[in-house]
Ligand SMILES: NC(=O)c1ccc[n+]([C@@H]2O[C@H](COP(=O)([O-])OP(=O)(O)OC[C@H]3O[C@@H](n4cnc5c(N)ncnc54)[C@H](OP(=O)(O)O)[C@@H]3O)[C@@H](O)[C@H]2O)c1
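The data below hold one chain only, encoded as structure tokens and taken in the form predicted on its own.
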């Protein structure tokens, strides 16, 4: 099959762990017509939550993870990193080589996942961020040893409805991705929070400062993505000679904002490297 003709219409998708990320994927797959709700089966840890998920999304649910694997061509592993080993041991014998396993667990390498499964199943590791909940996320994919272009394309079709998708060729960069775009929304929130407090300090009502700060960052981000201009060039368009903005930027540079971001990303990347398979994140 041509890569261009790949779609999810005839695929059964199983989602192990229909929590925040798993639930978001279910909702967007259905809402965007990527796959019908009848082709999705999800699992949760408890009967009560399984019933709630079924009622909320109109999908089949269960507490039996093995059942999810047996009924799906594509399995999305959306459990917490510390649960990965236990869940993989539980479902390992239920996989077939013609299936696709997509993991959203931070810090868990494809090599580790492959080692826990009895067959050579294609594995795609993903690193989405929390902005997928409003369809403005950033997801990075990397294929394991047995995953090819078709498997990566299928994974892209799952995540594209919830935001930007990029594919890596080197898995060792995933630690940087975790500390960069995985944690990225938190950096944005900190900037917005700082702008809000600064706005209040100069007399703006808090609710109005909140809207203006958030919209300013949203607009700036869209300008970068839509124009393909370098951020420095876009910044120069705002900073007129001897104007207001150039003085403000000078104060930010005096405060070391640029170096602070360098150090923050380096620290987060290093922390991700250290955590690795011990199941911790954040």
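The structure displayed is predicted, hence computed values, not measured ones. Residue numbers count along the first chain shown, from 1.
The form predicted in complex with the named molecule is left out here; the points below concern that form.
Residue 49 is the only one of 245, 215, 49, 55 with a heavy atom lying within 4.5 Å of the named molecule in the predicted bound form. Interface residue among 168, 152, 87, 195, judged by heavy atoms within 4.5 Å of the named molecule in the predicted bound form: 87.
Of the candidate stretches 111-119, 195-203, 154-162, 124-132, only 124-132 has residues with heavy atoms within 4.5 Å of the named molecule in the predicted bound form.
Proximity of residue 13 to the named molecule in the predicted bound form: non-hydrogen atoms within 4.5 Å are absent; the residue sits far from the partner. A residue is said to contact a partner when one of its heavy atoms sits within 4.5 Å of a partner heavy atom; residue 43 meets this definition for the named molecule in the predicted bound form. Although the partner is absent from this view, residue 104 contacts the named molecule in the predicted bound form, with a non-hydrogen atom inside 4.5 angstroms.
None of the heavy atoms of residue 61 is located within 4.5 Å of the named molecule in the predicted bound form.
Residues of 228-267 are not found to place any heavy atom within 4.5 Å of the named molecule in the predicted bound form.
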